Structures are given as C-alpha cells and as structure tokens.
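First, one chain by itself in structure tokens, the form predicted alone.
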C-alpha cells in the first residue's frame, strides 16, 4: 500500500473541489464560553464565511460581543424570532442548550435561513425529528456540527480503514473524559448540562457522542444493537449521568466499546484495531488539543507528524462550501437524528440492564 497520498498532504480539504461566491454570513445564536472562546475565533479565520450577527438572551451581551468582534448587529432571542436583522445574515449557527435548538431552527427555517446546529442536535429524538421535518418543509439546509467529520486526522484514518490498512476491522475503542466543573463555565454548578430537561443527559449527550459518532463515521456503518451503563456517584451529577460506558454492535461482527466521563482525568482517544494493523488517534476529540495519530502494521509503529488545523475553521468552511456549491452536507439532520436514537437506546439499556436492538 502506498501512503504518500495520505501523508504528504495530510490536511488537504478533499471535500473542497470549488467554492463560488461567498462569504456566507452567519448569525451566532448563543454566546456562551464555547462560542466566545472557540467558535468566533475559528469562524474569523475561515475563507468562506463571516460572522455578522450575535444573538443572546441579553441585549447588552449581544451588543458587546458584536462590538468586540466588529459584527453588524447584536440582537436578543426575541428580536431574532421577530425577524430582526434578517438582511445581515444568510444562515444561523445554533449554540444554545440542547433542548432549545428546535425553537431557533424552526424560526430560521420559516425565515428561509440555512442552519448549522451544534451536537447533539436536540435533547430528544422526537424534537430532533421535528427539526429535520421543518427544514425539509422550508427547503433549507440543516447540518449538524460534527467537527470530527472535517478533522484531517479522522478523515485520513477513515481512508486508511477503507483502503484495508488494518485488514478487517475487529474493534474500536473510544474514550473522552474531562473534569467538567473545572474546565467548563468555571465550576458553575447551575449550568445547563446538569439540568436533564435542558441537556437530555450529561456524560453521554455532551461528550460520549464524540466516540459514538466518530465510530459511525469511520466505519461508514450503523450499529444494530447497544448495551449501556451509566453511573452517577458525586454531586452535582445526581440528576444526570456522570460516567457512561456503552457497547455498539456493528455489522460483520465489528464492536465499538466506548466510555465517557464528566468527572475524570482529561483524556480522549480513538483506536481502530483490525486483523492486520491498528490506528490510534490520541488526543482525538478536544478542539483545544493538537491531534496525534499512530499507525501500526507488520511490527512497525509510526507516529505521523502533520500540520494542525483549527477544527472549527474547517467545520465552518465545509458548511459554507456546501451552501455555495448547492451540495448536501454529510452530517445532515438525519445523521444527527440517528445519534439521538442510539443515545436513547443506550439510556434505555442502562435502565433495563440488557442490550437494546436498533
């Protein structure tokens, strides 16, 4: 097997054949720490899109972010629903708590605005299905923000797997953990992730979705059954899952074993093991860490050095590229809906203590 094509241009945008016009102007709905610390800086480095409107529950916050980043407007959620500033943006990026996504997507669809929605796409599969329906009704694009889909290390890994580098895939191990209270919202125990009505769950919904979805993406396959277990040992996780482990059974006897925790040492990895070799991404999932990739085959182990990219920049440019070329994004609403159905099955399995077929 010849590997030059994979590693000489590791960070190539194999999805970008052309992009005409632009930039795509984006309104950001929800101005929490992730939007301000990661999304906005990543968006400002893009080639194909431009942030133009900041939207928050607080008028002062929206206007402050708009002024800081030289955006065209800062408006409230109510003003967004009323149709204010629609001439200043082409699409929206939704970064609110999970259970509020549908409300903003419905309004955007009615306004004829395309949608990039953070994952998980909603707090329940029923509400996610309504998102898919309303976007179809109004003929607007709905993409779910799975940044692993445009992460070069993940894309090259998927290529190697499908070219047969590891032989027949036997097993995937995926893990993501963090000390949520010290890493997110500066330890605020009132945050929405701890509210099951707003989040739909915690460890699985917030970070377990990364190994789950990336396994689906790399294999280009869907699990046929799941077996899950959740644990909540410490405050303030009494209402949500603190730790989760789950087993996904894929066709052809391929298993994915995944774990996630909101109260454990900061770590993430994805390991694909096959009959002839192995590929390991470590670190894998955190946007603030340089990704690493190790390939093993025939007794030889090699660490691949490559230029790191901003995951958010790649994701935003991919979304804009799809709009500018009138092409369908791969992580669309149906793709995101499948994740929520799998997640609900994992929670069901954890409750009944038995595998659940999908």
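All of these numbers come straight from a predicted model, not from anything done at the bench. Residue numbers count along the first chain shown, from 1.
There is also a form predicted together with a further copy of the same chain; it is not shown, and the following applies to it.
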May I ask whether 227, 243 and 274 each come within 4.5 Å of a further copy of the same chain in the predicted bound form, counting any non-hydrogen atom? yes
So, residue 175 and a further copy of the same chain: in the predicted bound form, are they within 4.5 Å at any heavy atom pair? yes
Find out whether any non-hydrogen atom of residue 81 is located within 4.5 angstroms of a further copy of the same chain in the predicted bound form, and reply yes or no. no
Does a further copy of the same chain get within 4.5 angstroms of any non-hydrogen atom of residue 297 in the predicted bound form? yes
So in the predicted bound form, is a further copy of the same chain close enough to residue 198 to count as touching (4.5 Å, heavy atoms)? no
Within 4.5 Å of a further copy of the same chain in the predicted bound form, heavy atoms considered, which of 87, 139, 252, 235? 252
Partner-contacting position among 103, 163, 222, 282 - heavy atom within 4.5 Å of a further copy of the same chain in the predicted bound form: 282
Where, among 264-272, 108-116, 70-78, 121-129, do residues come within 4.5 Å of a further copy of the same chain in the predicted bound form by heavy atom distance? 264-272
